[in-house]
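Next up is one chain by itself, shown in structure tokens, the form predicted alone.
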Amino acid sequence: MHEEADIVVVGAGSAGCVLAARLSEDPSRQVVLIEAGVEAPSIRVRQPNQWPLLWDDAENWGYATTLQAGLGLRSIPYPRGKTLGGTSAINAMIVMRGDPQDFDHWRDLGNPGWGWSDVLPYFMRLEDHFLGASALHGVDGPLTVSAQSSPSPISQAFIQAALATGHRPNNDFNGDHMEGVGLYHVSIRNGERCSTAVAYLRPAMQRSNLRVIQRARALRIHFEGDRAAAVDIWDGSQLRRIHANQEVVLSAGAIDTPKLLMLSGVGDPAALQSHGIAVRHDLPAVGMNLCDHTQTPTLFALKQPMAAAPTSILAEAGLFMKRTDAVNNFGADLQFFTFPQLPLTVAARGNAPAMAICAQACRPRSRGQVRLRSADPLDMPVIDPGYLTHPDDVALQIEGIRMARQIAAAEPLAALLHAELSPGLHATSDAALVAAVRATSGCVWHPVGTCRMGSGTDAVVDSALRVHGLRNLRVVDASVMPQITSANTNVPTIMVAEKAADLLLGRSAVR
């Protein structure tokens, strides 16, 4: 059976759902969307406070990092969504764009059309914001952006304590400034998660020109010369080849998109040949430049544990601050998440005895890579983020611990806490704090950059997201980000897909 479409999209995640929906708005285009997972209607996906329990469910790929030298030779779990909506179906639902300077930086790195004034209209187009229409926010977009309906008293106390220590209030981190403390806005609709599957894909699946193939593993891209002509898939019972008359678009995410390129013979020749893979195209930057946010928790025992409301995202309150020696034009250098209940898996089920203030460097300088484990498409990739291998990242995490302690010592939060559990009050010297950072830090699962956008030898795609040196092949997901954004990466990924849809459809940029 000959299966074909005009555009074949691989991956129904945060970007792929957006692309499939927007591309199929043109009734003359046939679109096929390939997804390894399956639609996940379970209560754990729908109910906001259940997201930590998804780490061990079928909706997660079950990835983990290599042993990380910067984290005391620990391997870190690496949840990635394996369902319609991808990681937007298992994440903490925080709506953050990042700093406007992030996108001007993308543009200045040689990517015209990606500056703040270029991308803001797409951020506005994607959202239906509870604050209403303004110069910075949109309404009637697919993604519901709401205020938190039931924040914990602990989160409210954190905000008041941060104000008491001199931080400014901020009721909209995506407003005219990032710096300050407040509650995160969230992608929740009527008390339930609003993933890109809910926001974009489900309404579009009624269209006759869109076909979604679930439970199908993409094995490799089939090339005819330098043209991406089809995608080979395994649907659990047979091998199938889905032909693309116009383009193949990879939206499998910052881990699986480079993996699929390498399995298809696109990447560093020596690495490919070591696995017996024939080199189709020499592109050594594939899988390189992996960047992710590292977070360090400061834990405190609670005098009175409190259960999380069903609508809680658990990471309720945020703080953005400049580093003490800041010399840049960015709005913030450190981002904080306040978790009123820890450990997270306990918080998702009931009361937890501790809370955490977690700090992360907004723009970490450490870099890693994604590699193949073997030539078997069903084998897991090798994920090495290189966490905390740059000394500046460690210094910022230490500054984050010290600020967390200041806020915890201020009222009204101090009255709710027993004592510091980690790193512990004995850890005061720089050396002790470095050891604590390496022993306790984890990640926030924001991988980007492995198919970075640009024009140099360290780039994989151009500013139109076309893979260098190949035809009819684009990448549209977080892997194209040339630098990580200064906060959570899910909404920037949706923005990338919104802009990419216009590029693919030949539409004028939104203004």
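Residues carry their position along the shown sequence, with the first being 1. Everything numeric in this text was worked out from a predicted model, so none of it was measured.
Although not depicted, the form predicted in complex with a small molecule is the subject of the following passage.
In the predicted bound form, the small molecule stays beyond 4.5 Å of every heavy atom belonging to I484. The closest heavy atom approach of V32 to the small molecule in the predicted bound form falls outside 4.5 Å. Looking at A20, you'd find every heavy atom of it more than 4.5 angstroms from the small molecule in the predicted bound form. Using a 4.5 angstroms threshold between heavy atoms, R217 counts as touching the small molecule in the predicted bound form. Contact with the small molecule in the predicted bound form, defined as a heavy atom within 4.5 Å, is made by all three of T83, V444 and A478. Judged by heavy atoms within 4.5 Å of the small molecule in the predicted bound form, the contact stretch among the candidates 386 to 394, 90 to 98, 67 to 75, 364 to 372 is 90 to 98.
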